[in-house]
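Just one chain follows, in the form predicted on its own, and it is written as C-alpha cells.
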Amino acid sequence: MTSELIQYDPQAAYLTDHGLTEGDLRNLAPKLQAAREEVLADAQLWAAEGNVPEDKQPLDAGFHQLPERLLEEYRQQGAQSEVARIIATADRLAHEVDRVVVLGIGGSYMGARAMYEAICHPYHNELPRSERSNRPRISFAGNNVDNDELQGLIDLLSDKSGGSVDDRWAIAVISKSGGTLETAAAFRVLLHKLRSACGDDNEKLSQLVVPVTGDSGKLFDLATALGCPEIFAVPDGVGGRFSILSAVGLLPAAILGIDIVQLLEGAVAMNQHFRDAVVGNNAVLDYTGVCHLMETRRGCDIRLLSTWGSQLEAAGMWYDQLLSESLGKQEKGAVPLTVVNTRDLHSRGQQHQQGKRDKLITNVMVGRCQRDPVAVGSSDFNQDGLNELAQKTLPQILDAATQGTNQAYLDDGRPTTNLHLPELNAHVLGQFFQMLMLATVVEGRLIGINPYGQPGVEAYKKNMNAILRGK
C-alpha cells in the first residue's frame, strides 16, 4: 500500500487586501532554502554524534532520519529489529488480551490518539472482537489528573486475568523518565489493579506490562524490577512531541493493527520530497512560508487547522502541541487551534467569518472516504424537505459545505489554504506527521528560535511537585 503525496495549495491566500502574492513566497524562497539546509545539517550533526555548539543546544534532531534508520534496520536484521519486535509484541498482546490501556501525556499520548482516531473504526471499542480483526480495545489514561475519569476506566477493567481473553487486559506505559506525575500516578493505580487481577502472580503481571521509556530513569528501573520481558526505547535525540514515529507511537499503532512499516515509508517519502522539491512545489517549505508571511505581513498569528470530518481532530491536537511547544518562546510563536467542520461552523464559524483578521485557515481535505458513501435517501415522511436531495451522499454534502464555506471566506477576504490528503491510511499519515514536524523546525530556524526543548513546561511541574511534597 502506497499513496500519492500530500499536496499543499495556498492559492486562496493570495488576496490583494488581506493576503499575499505569489511573489511574496518567491521572494522568501532563499531564506526558506537556507532554513532547509540548516535543518538538514542539524540532522547530520546529530547523527554524527559530535559536539553540538552551544547555540544549537538542545538539538533533538533525531526524529528527522529516524524512519530511514528504523526501516533499514528492519530490512537488515529482520525479527531482531525494533520494528519487528514491536509488531511481535503487539500481536502477542492482541492474542492475549481484549483491552490495552495506554498511559502517557503530551508527546507520549497525542500521536497514538491521532492514529487511533484517523485510521481505526470510529467505534472501535464498541465492536465485537471479531469485527475489529481480533485487535484489543484501547483506552488512554495518564494524560490528565481526573479522578472520576480514572475511576470510570477502572470500572471497565476486569478483576480476573484467567479464563476468556475478554477478561484480560494489559498496560502500555510511555514515559521517557517515568517522572511525569500524571502518568506515574495513573500507572501506580492501574498496576495495583492489574496485579490483583493476576492474583499477585508477578510472572503474569510482567507479561502484561509493556514500557516505552529511556535507558535509565524511574520507569526503566520500575520495569526492570517488574521483570518486563519487552522494554522499548524512547530514542535519544527525539523529543516527546517529535516521537510519534518511534516506539512511542508505533507500539500503540501496531497494537491496533495499523501497518507501521507503511507509516515509516510515508515519512521517508516526505523526507525525500522535503529535500528535493523547490519552493512553489514543496509542501513543507510552501506551508512554512505562507504561514510565516501571513503572520509577519498580515498579523495572522492564529493558525486554524480546519479538519473536515472528525477523524483528524486528534491529529490536529497533536499538531497544536507540536507548534506550541516548539515555537512558543521568546514571546513569539503563532497560536494553533484545531477545528472540526461542519461541527464548528455552528460555534466558532461566526468568529472566523467576521471576527478579527488575525487568522490563517488551513483546510485539511481528505480525497477519499474509507467507507462507501451513504445517500440521504427518499422517505414518505418529507417534512424535512430532503427528498429533493435523496440522491446526494454525505460526502457530496460535506464537499458542498466545504466549497460554500471557503467561498464565503474568499468573498470577505479571509485567507485560506488547502492541505490535500489523498486518503486516510498509514502511508498518508506518515507523510502528514513528518511534514508538520519538518515545517515546525524549518520555521524555528527561519525566525531564529530553537524549535527543540520546552523550558516553559517544566515550571508548572516544579511548582506542582513542590506543593505536593511541602517544599
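The first residue of the sequence shown is number 1, and the count goes up from there. This structure is a prediction, so every number in the text was calculated from the model and none was measured.
Beyond the structure shown, there is the form predicted together with a small molecule, which is absent from this document and is the topic of what follows.
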Using a 4.5 Å cut on heavy atoms, which of G257, G106, G237, G316 is close to the small molecule in the model of the complex? G106
Only hit among T338, S206, Q321, N271 for heavy atom within 4.5 Å of the small molecule in the model of the complex is Q321
How about D286: is it within 4.5 Å of the small molecule in the model of the complex, going by heavy atoms? no
So, T393 and the small molecule: in the model of the complex, are they within 4.5 Å at any heavy atom pair? no
Spell out, yes or no, whether the shortest heavy atom distance between T180 and the small molecule in the model of the complex is within 4.5 Å. yes
Evaluate K461 for contact with the small molecule in the model of the complex, applying a 4.5 angstroms cut-off between non-hydrogen atoms, and reply yes or no. yes
Can you tell me which of 343-351, 84-92, 170-178, 382-390 lies within 4.5 Å of the small molecule in the model of the complex, counting heavy atoms only? 170-178
